[in-house]
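Next comes just one chain, in structure tokens: the form predicted alone.
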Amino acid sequence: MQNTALTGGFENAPVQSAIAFRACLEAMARPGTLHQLDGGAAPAPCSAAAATALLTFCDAETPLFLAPSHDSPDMRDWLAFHIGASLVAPENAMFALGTWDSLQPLSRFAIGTPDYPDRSATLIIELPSLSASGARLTGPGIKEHAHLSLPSVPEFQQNAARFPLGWDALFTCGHQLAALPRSTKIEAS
């Protein structure tokens, strides 16, 4: 195990995980808003926000898919040391981490069932930039409308059309986080 695996976890786990959990909940409750997410530092190319989300939501009971963009020996060692999450195929994942292109095709991820819509995946999508501009968002948690720089619009429109089924998305870039729950309606700008 490399030294990079031993660093980058929470220094004060109870406090930092509570703060990160609150930021993620705020992002999910208010689609299109940008939030600061700090505390974790995983091996490159994983952003600080994505590492913090993993430390917050994943544990030894969490099936996690690492897309090729993020699947490296250093990342696997970091996950094993800090989280202990089981690495699984996309169709068995509760969480997935990767760039937009490396997570394709999205049809591989669980969307839940009519009886259990909560048995769906959450995608942590690493983006090169993240801003409150671009696609127009409406729906729960949005007063009138919001905007978010999505990597593509059609896939998110198709996902929203399946509501209450569908996957949820967390977008990360550096220390920034935004979220797009499956209940959000999306229009191209």
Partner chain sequence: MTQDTHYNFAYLDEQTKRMIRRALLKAMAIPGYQVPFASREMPMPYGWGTGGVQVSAACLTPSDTLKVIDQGADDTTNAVSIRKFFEKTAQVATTESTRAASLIQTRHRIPEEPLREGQILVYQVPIPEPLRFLEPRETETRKMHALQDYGLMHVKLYEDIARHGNIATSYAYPVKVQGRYVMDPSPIPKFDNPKLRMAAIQLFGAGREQRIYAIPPYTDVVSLDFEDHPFEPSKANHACSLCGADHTYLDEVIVDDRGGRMFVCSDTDYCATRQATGAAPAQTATSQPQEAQP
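Numbering follows the first chain given and starts at 1. Since this is a predicted model, take the numbers as computed values, not measurements.
The same protein also has a form predicted in complex with the partner chain, omitted here; what follows describes it.
Colleague: Does Cys173 reach the partner chain in the predicted complex, with heavy atoms at most 4.5 Å apart?
Modeller: Heavy-atom contact with the partner chain at 4.5 Å: absent for Cys173.
Colleague: Quick one: is Phe57 in contact with the partner chain in the predicted complex, heavy atoms, 4.5 Å cut-off?
Modeller: Flag for Phe57 set to yes.
Colleague: Is Ala29 close enough to touch the partner chain in the predicted complex, meaning at least one heavy atom pair within 4.5 Å?
Modeller: Answer yes; at least one heavy atom of Ala29 falls within 4.5 Å of the partner chain in the predicted complex.
Colleague: Since only the chain is shown here, I'm wondering whether Pro128 would be in contact with the partner chain in the predicted complex (any heavy atom pair within 4.5 Å).
Modeller: Pro128 lies outside the contact set for the partner chain.
Colleague: Work out which of the listed stretches, 61-69, 38-46, 152-160, 128-136, brings a heavy atom within 4.5 angstroms of the partner chain in the predicted complex.
Modeller: In the other structure, the partner sits against 61-69.
Colleague: Looking at the partner chain in the predicted complex, which residues in 18-48 have at least one heavy atom within 4.5 Å of it?
Modeller: The stretch touches the partner through Ala18, Ile19, Phe21, Arg22, Cys24, Leu25, Glu26, Met28, Ala29, Arg30.
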